[in-house]
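Here we start with a single chain on its own, the form predicted on its own, put down as structure tokens.
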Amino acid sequence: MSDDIQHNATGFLSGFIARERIDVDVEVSSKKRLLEEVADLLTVHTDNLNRDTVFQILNERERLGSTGIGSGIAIPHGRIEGIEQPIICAMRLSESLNFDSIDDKPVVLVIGLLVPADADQTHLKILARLAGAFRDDEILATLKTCKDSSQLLDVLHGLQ
């Protein structure tokens, strides 16, 4: 795969995020537990990825600085061997959680991202596109109030 994010009618995330990697009303009590849940979702139906390795990668990245980007959103991410294209998951928490975000506000929406270890700019492009989409108050409100995982997936698939 090239480092370019594919553009299509259904949005830039549609090729990277699947229904089985979406969850709503997730209950977590700590940042560590949240990262474990993200690792669980990212490794669903992926025999070549180890959940503990994914958790370690996410946790190591988080130690460099919080991936809480503000406005109630966190985007834990990392690079990993063994995948050929990005893998994305999403969850909405049942209750907001302190995540040491840049705006000191707790998170309620979490987007997990894994990219191939050799993908030079792919993750930066995806992160930039997500951050841009999340600047839209209407999109944010919709994402934070989705009734179920299908609705959350539909909104994410529609992001341009």
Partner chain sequence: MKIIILGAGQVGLSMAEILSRENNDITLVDSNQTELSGLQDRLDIRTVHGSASYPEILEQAGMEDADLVLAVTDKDEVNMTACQIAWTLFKTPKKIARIRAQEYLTHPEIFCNEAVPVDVIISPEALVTEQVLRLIEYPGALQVVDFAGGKIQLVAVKAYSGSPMVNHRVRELREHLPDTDARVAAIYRKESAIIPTGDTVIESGDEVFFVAAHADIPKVMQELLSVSKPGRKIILAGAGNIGFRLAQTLEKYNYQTKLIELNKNRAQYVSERLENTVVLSGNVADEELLIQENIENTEVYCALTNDDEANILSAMLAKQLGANRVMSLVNRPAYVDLMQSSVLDVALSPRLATIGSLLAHVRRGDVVAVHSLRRGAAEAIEAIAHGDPENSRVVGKRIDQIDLPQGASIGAILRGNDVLIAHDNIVIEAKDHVIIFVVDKTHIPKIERLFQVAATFI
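Positions refer to the first chain, counted from 1. Quick caveat: nothing in here was measured; it's all calculated off a predicted structure.
If you look for the form predicted together with the partner chain, you will not find it shown, but the lines that follow are about it.
Not displayed here, the partner chain is kept clear of N48 by more than 4.5 Å at the level of heavy atoms in the model of the complex.
In the model of the complex, D118 stays away from the partner chain, with no heavy atom inside 4.5 Å.
In the model of the complex, the partner chain lies farther than 4.5 Å from every heavy atom of F134. Interface residue remark: D103 is not counted as part of the site for the partner chain in the model of the complex, having no heavy atom within 4.5 Å.
Residues are counted as partner-facing when one of their heavy atoms sits within 4.5 Å of the partner chain in the model of the complex; in 49 to 63 these are R51, D52, F55, N59, R61, R63, in sequence order.
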